[in-house]
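To begin, one chain is listed below as structure tokens, in the form predicted alone.
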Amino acid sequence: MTGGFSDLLLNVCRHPAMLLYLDQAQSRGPTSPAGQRANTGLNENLAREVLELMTLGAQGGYTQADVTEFAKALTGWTLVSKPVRERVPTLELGAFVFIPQFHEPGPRTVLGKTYAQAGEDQAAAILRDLSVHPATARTIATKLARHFISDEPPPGAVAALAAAFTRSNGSLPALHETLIGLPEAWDAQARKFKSPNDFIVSGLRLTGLNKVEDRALIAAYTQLGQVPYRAPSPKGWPDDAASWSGGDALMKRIEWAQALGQRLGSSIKPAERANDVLGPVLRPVTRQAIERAESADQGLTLALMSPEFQWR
């Protein structure tokens, strides 16, 4: 996060979890030595998701031919499995490795630019160009503005972030600095409804707990519908209020908040803690409701479920 988007993108695409999740580890060039011998096929998943989700975006101007060409360039990018380790015994299981015998030979043309046969670096060169493409700047700017400002990203904020991305060749610190400096990012009205992850983490921070049992934490994420590593699609988890604020979802939050309150009992003074955490955002009517709660656990539940705490 202190480097460049190009480095981040490259590391994501080489990560074992990504290679396995999108089946890149099994992709073979159709005319590569391994592809001809084993009659295994080309897998386009990683190439498609890089173009659609990680860089240009669905409206970024790429074609199916670009997806296929990029997928061919990516062949050979895999990880060290037990069979692969027989070829490279010095590498650890699960490490990224490029296997030339898996790579589709020949030049590749993506977005009108031809990339010479260069083994592992062929796909890396495509990724480097994608990482600084104008459409990528807009995609990343929109995602940042949506996550940190509002579900409907302000056009001015998106334009400022995209300009910073382009000006700095995708420097992530430059993006962070621009984001923090945007007046839209400091709007007094909270515009982002907390995801289950945000709610659980901030809820535990409010209570002051510094240790939670693994099983309890997993149960909380399961109950609220955002189990780590189980996003519903390669796109990841939703980042908008409508996806997390339905009636059933809110009831589950209430149940979790009640269970947390019952566990902590009278060890917390909810009104004081809410005032410390929310400060001037805490409305008098909310503070009064927490103070008038019949018990400390009920007061904690009210604090956790207050509008001021549910939105950020």
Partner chain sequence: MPHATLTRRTVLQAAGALTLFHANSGSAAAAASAERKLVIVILRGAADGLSAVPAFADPDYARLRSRLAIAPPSEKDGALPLAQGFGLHPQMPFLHSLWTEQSLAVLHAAASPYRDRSHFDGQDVLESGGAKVFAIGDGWLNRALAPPAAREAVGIGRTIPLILRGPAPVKSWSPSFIAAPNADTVSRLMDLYAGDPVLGPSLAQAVETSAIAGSANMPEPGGMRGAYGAGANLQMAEAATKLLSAPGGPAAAAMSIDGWDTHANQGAATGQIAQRFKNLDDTLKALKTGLGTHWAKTVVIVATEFGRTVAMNGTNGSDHGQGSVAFCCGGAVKGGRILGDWPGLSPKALFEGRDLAPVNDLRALFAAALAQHWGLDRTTLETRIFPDAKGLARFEGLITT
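Positions refer to the first chain, counted from 1. Keep in mind that what you see is a predicted model, and the values were worked out from it rather than measured.
This protein has a second form, the form predicted in complex with its partner chain, left out of what is shown; the following refers to that one.
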Any chance all of D198, L206 and A271 sit within 4.5 Å of its partner chain in the predicted complex, going by non-hydrogen atoms? no
Ok, S233, Q189, T90, T114: which has a heavy atom sitting within 4.5 Å of its partner chain in the predicted complex? S233
Is the gap between E255 and its partner chain in the predicted complex 4.5 Å or less for some heavy atom pair? yes
Is S243 close enough to its partner chain in the predicted complex to count, meaning some heavy atom within 4.5 Å? yes
Would P307 count as touching its partner chain in the predicted complex under a 4.5 Å heavy atom rule? yes
Any of the heavy atoms of A296 lying within 4.5 Å of its partner chain in the predicted complex? no
Counting only non-hydrogen atoms, which stretch in 96 to 104, 124 to 132, 218 to 226, 159 to 167 is within 4.5 Å of its partner chain in the predicted complex? 218 to 226
Interface residues of 56 to 71 toward its partner chain, as seen in the predicted complex [heavy atoms, 4.5 Å]: A58, Q59, Q64
